[in-house]
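What follows is a pair of forms of the same protein chain, given separately as structure tokens and numbered structure 1 and structure 2.
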Structure 1
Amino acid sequence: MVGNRRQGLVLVSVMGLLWAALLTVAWLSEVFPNGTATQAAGAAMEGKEVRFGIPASILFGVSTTGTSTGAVNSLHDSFTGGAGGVVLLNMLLGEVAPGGVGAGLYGILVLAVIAVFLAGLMVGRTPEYLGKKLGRVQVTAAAISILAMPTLVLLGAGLAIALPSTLDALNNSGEHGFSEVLYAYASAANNNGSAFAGITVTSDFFQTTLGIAMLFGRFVPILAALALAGSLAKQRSVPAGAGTLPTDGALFGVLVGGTIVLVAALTFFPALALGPIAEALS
């Protein structure tokens, strides 16, 4: 029981540290933005209520995109490239920082399974987690859960960008316009509900494809997580051995955090480089 509590504390710590790091990046991007006009104004206040200012706006935006909330108190479309990229990345990470109700929990657990599997590959041993061995069935279920959302987001955004009619639906061109499209599919597939408000999604194409992303982006990971849980529940617990990876310490926390960042970086970095990263560097 104590070991399970420690493992839970490690995962919660990882989620909290990711949230704090992303919050810091977003705040710095808004307080010290690129661009002559925003620098002259002292900060990027476009699209924000004066009552809240930048600190409360960024705190709210980063926290709600890191959960399945979707509420906003400022216009995410008006965020700078860096801050807009952070709220977008929050959803692309699977809303695990700090984590949505239910979705954040099974999301971080699936990522922990992937992390344990990768550690097992590096040392050449059968991976174990919570006293259960991770075999082909478990890893396949975790992989399906991890890959479903990126597949829907990237295919949907890529198809939308390829259509000439999408230009008429955008309020901005270039990198920011691409971010608007990518954000729309990331929000739909992750059941978030927030939006880069510059895009108009009332066409039949957007209504259909965003609906498909919303349907499969949530239910496929849920079903995969349930299959993973069911397969583990059927197994008998095995005692920890000399080669068992400790999952209640800082090393495991670093491994899980690295897996989260690595999975997102490898999957979404090209798309992010075309959108918010290019905008932040321009």
Structure 2
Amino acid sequence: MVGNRRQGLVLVSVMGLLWAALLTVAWLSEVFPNGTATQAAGAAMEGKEVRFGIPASILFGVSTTGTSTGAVNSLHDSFTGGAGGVVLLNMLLGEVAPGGVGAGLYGILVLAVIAVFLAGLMVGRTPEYLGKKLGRVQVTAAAISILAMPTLVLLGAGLAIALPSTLDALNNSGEHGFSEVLYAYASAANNNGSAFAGITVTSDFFQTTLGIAMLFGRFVPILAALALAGSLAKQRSVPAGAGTLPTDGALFGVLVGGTIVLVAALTFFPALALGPIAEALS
């Protein structure tokens, strides 16, 4: 539609690099585990099928959380702290590496819009992406789109963990138990559908809140993305020149990557610190 292959190539590269980076961290975490028992066993094979082994399990884990398929070939609950954190983070980024089945690439497109808006001013023009000006309407739509999921995950997990009844639903205590709760809401709000396992969510509270997370986590970003697309489609295209922000090079890739890390990932840094990060560092 844009008629420029390079524009897409940049986004694909960002997706690919993120996926590869997450995969590497997860793999390292699994191969060099920090638990006494797993170290004694030589590798973190608990919860994994022997015929897949660590590489195939991790590959599947990182890919399934990046694509919202919901399928698993190993128990994410049994991953080491690092690898568990990676699959969790992969969802919390908001389906960008590479994007959910059915939802497509709007996740990274919205983040690209945010990146253009934040840093695009640095070339001395009001922000424009793919020949379209980004003004008040576009920024509002993009902001709603990126606000929805963190709101649901943070409020949901925060509320759940505050309730005494939650403690009974958990298989594990401490940081790992918290990861289980966080994963449940992250998976629901990102229309992922995979389960960390280790948490029993049959209570009315979980059924209701996870249902709400699923409903709004799926449709609010979609509606916002459609509104954004509509407002952009109505605009006349501005021809690109030497003065326009180049969005088809490595530099822009760095920019989008930076935005994903600083805006999307850092939101969950405190939550992740209390769960997988604390577990991985212990």
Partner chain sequence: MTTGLQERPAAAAPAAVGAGAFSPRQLVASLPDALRKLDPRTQLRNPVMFVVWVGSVVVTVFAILQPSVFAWLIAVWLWFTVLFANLAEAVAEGRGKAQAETLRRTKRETVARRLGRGGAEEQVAGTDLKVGDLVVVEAGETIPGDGDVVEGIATVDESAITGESAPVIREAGGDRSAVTGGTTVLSDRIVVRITTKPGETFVDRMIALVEGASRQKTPNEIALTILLAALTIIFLLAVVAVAPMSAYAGQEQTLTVLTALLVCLIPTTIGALLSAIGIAGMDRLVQRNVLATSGRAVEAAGDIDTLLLDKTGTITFGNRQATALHPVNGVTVAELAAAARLSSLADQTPEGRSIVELTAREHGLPAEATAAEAVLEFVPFTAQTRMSGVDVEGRAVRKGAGSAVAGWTGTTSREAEAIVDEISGDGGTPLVVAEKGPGGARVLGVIRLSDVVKPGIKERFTALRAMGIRTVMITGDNPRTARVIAAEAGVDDYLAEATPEDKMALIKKEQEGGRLVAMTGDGTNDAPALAQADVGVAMNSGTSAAKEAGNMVDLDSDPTKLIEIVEIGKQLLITRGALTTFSIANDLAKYFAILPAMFVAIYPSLGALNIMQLATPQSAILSAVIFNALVIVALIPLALRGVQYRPSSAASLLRRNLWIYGLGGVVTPFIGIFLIDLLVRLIPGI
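What you are looking at is a predicted structure, and each value in this text was computed from that prediction instead of being measured. FYI, numbering is relative to structure 1, first residue = 1. What we label the rigid core is the largest C-alpha set whose atoms superpose within 1.5 Å from one form to the other.
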Index of the chain form predicted in complex with its partner chain, chosen from the pair: 2
Yes/no, residue 17 Cα shift of 2 Å or more between the two structures with rigid core fixed: no
Core fit, then residue 264 C-alpha moves 2 Å or more between the two structures: yes
